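Just one chain is shown here, as structure tokens, and it is the form predicted alone.
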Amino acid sequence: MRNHVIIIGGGPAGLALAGRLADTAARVTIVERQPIDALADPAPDGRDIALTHRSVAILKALGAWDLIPRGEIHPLRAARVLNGRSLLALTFAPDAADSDRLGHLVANHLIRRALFDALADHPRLAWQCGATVVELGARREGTRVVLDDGTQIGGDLIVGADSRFSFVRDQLGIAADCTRLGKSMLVCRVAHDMDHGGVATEWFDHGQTVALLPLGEGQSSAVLTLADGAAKQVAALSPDRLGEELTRRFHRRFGTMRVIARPHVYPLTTTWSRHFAATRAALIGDAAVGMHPVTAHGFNLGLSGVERLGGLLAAAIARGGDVGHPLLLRRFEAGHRAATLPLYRTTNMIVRLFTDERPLARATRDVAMGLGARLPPVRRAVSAMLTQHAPRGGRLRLPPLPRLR
């Protein structure tokens, strides 16, 4: 077997998988619509990613973490959840004996740049950038990918890492539950008067959800979720008016807000693929699971899926096995579904409960907030989920892969 892996999608998941295979004998081809210059120097997109300790360990193992400027890595020391005008608040903090933070906040474009830079000298990596996939096939004997310029690429495994609206998934005939929520998330970097203390705040207010992600001193990423049309109207305001609007919508909890980077708006859609694998094919990142951003775990789940698939592929290659073997792909699918489904369902339940404006729903979430505030085991369990510490000792380890024939 040549062990040629074709990764379709040059976002963080696709780049991370290529990096995970860098130390193996695999040949890797990345197919990406954007030109390579856009991958080498991605433009800021307004998104700041809350990375768990496990995700940081993965980025370190890939050689990407040390390529992110230290001044652009911000500590996430705790998280606080507010509900309407209730005086109750849920605060989640790490175990003081274990860590002083839940995780780290890093701009999405800086993570992407670091992942690309870590791959710049990969001798077995081929780039097909500025190219669109128009056809693909995956059979037991091998795979074929056809690009819009007529180029055909043969391989042993296709990996779809091409967003929650995955073309690869559609071509493979894998059904997915795609839910367009009719709301959009506006993200905007702001300066403000009050100290954030490294604490992320999520506030389920009536008719809106707002969040503040702590960045540098006196700076944060303001996140505002509204109906699609309303979010676009707010984003169209002048910087001064937008600062006033955000100050008002945050009820001056952090003092006056001043816009320091232009806003970006992202329509919200959740995705759950019915399968994460097919004949000589696998799905990772948002192509497999597209999370609602309320728990800030979509990126982290994507990296955990990369580590799971990459570990299985690396073990198979080391044993002279087949990267497209059906048992390997079934094992990946079973493991990643078991890891993601509970969080996917829980996140959707939280969104439904805390955005429902009916009186019964409001009363229910008041009760839920009260129980969480009074029961330390509940807070500790959520904090452990948010923290996701990696095992000590460097690269994350997976159970041994059975020998494949």
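The numbering used is simple: start at 1 and walk along the sequence shown. What you see is a predicted model; the values in this text were computed from it and never measured.
The next section is about a form of this same protein that is not shown, the form predicted together with a small molecule.
Proximity of residue 131 to the small molecule in the predicted complex falls within the 4.5 Å heavy atom cutoff.
At the 4.5 Å threshold, heavy atoms of residue 266 reach the small molecule in the predicted complex. Looking at residue 309, you'd find every heavy atom of it more than 4.5 angstroms from the small molecule in the predicted complex. Within this chain, residue 293 lines the site of the small molecule in the predicted complex, having a heavy atom no more than 4.5 Å away. Using a 4.5 angstroms heavy atom cutoff to the small molecule in the predicted complex, none of 74, 202 and 204 count as contacting. Think of it this way: in the predicted complex, the small molecule has a heavy atom of just one of 298, 321, 214, 243 within 4.5 Å, and the residue is 298. This chain is displayed alone, yet in the predicted complex one of 316, 185, 81, 172 has a heavy atom within 4.5 Å of the small molecule; that residue is 185. Note on the interface: of 283-291, 204-212, 230-238, 328-336, the segment with non-hydrogen atoms within 4.5 angstroms of the small molecule in the predicted complex is 283-291.
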